[in-house]
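The form predicted on its own is given below as one chain in structure tokens.
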């Protein structure tokens, strides 16, 4: 059983990944930690509580960071054209949800949960890496206690999605991402190299909603404007970025990977660019030397991933 903390900024594709993690039989979802990104942290936390209520998810929700790891960075506008004004595709969501959040800030929830389950917890982070960087800052020893970190973010051999060289989650807090990727724990980077070629069609999602009851109908409803947004690059479908990272937890064999130290550019026109120095390649002394070798996903069996998402959400995934 995989013990998972889900660090997220719901967010449409975040919602699909959450339902996958909640319903997969081999995942024990220990908690949801929220972060700003697709909307303000007030909105993403409200959205997490809404999905927790609607999908009857028993784990706690802890409110996380509202500003970047380097607080002097200027916040950019929320990506409302992608996720809607309310972060969930502008479906009707109550202004407040009558559920409590965990009293601890997200970084402390992560620290306490990791220390309660040493060597077992997998951090699945699909938004900005701010909460993880804060957890490392407040308790560096947790790097040796986490089983691994699986992030959705970055791009290596394909263009970015917010600038020609940067992916949104990394670009939103480059300093946090660099801290996470250079820390002495195992990180798996599931980025645009694999998520941009893994799409779910509107009809495929409609079939899931037909067979999955009210929970999957809600997922389908909140995804419709997201599918519309992707119309310029996907034929009536959507990229399932965050679900790819969630699938890696239970099916790493569906991914091709390379190993190497990873750095994030912080500042300038390449702000947020992720760059890997592949193991075995030799260069003069540089800023990648003596850093942990991380795992970077470079290939994916997309249809198998899409089918596994469907099977888990519909309760048909095999143990």
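Here the structure is a predicted model, which means the values were calculated and not measured. Numbering follows the first chain given and starts at 1.
Below: the form predicted in complex with beta-D-ribofuranose (BDR), not depicted.
Across the proposed site, 9, 152 and 161 without exception bring a heavy atom within 4.5 Å of beta-D-ribofuranose (BDR) in the predicted bound form. Exactly one of the stretches 234-242, 204-212, 100-108, 70-78 approaches beta-D-ribofuranose (BDR) in the predicted bound form with heavy atoms within 4.5 Å, and it is 234-242. For the chain shown alone, residue 168 is a contact residue for beta-D-ribofuranose (BDR) in the predicted bound form, at least one non-hydrogen atom being within 4.5 angstroms. Proximity of residue 114 to beta-D-ribofuranose (BDR) in the predicted bound form falls outside the 4.5 Å heavy atom cutoff. Although the partner is absent here, residue 146 is not a contact residue: none of its heavy atoms lies within 4.5 angstroms of beta-D-ribofuranose (BDR) in the predicted bound form. A residue is said to contact a partner when one of its heavy atoms sits within 4.5 Å of a partner heavy atom; residue 47 fails this definition for beta-D-ribofuranose (BDR) in the predicted bound form, lying far away. Scanning 189, 126, 194, 180 against beta-D-ribofuranose (BDR) in the predicted bound form with a 4.5 Å heavy atom cut-off leaves one residue, 126. Residues of 1-37 placing a heavy atom within 4.5 Å of beta-D-ribofuranose (BDR) in the predicted bound form, in sequence order: 9, 13, 14.
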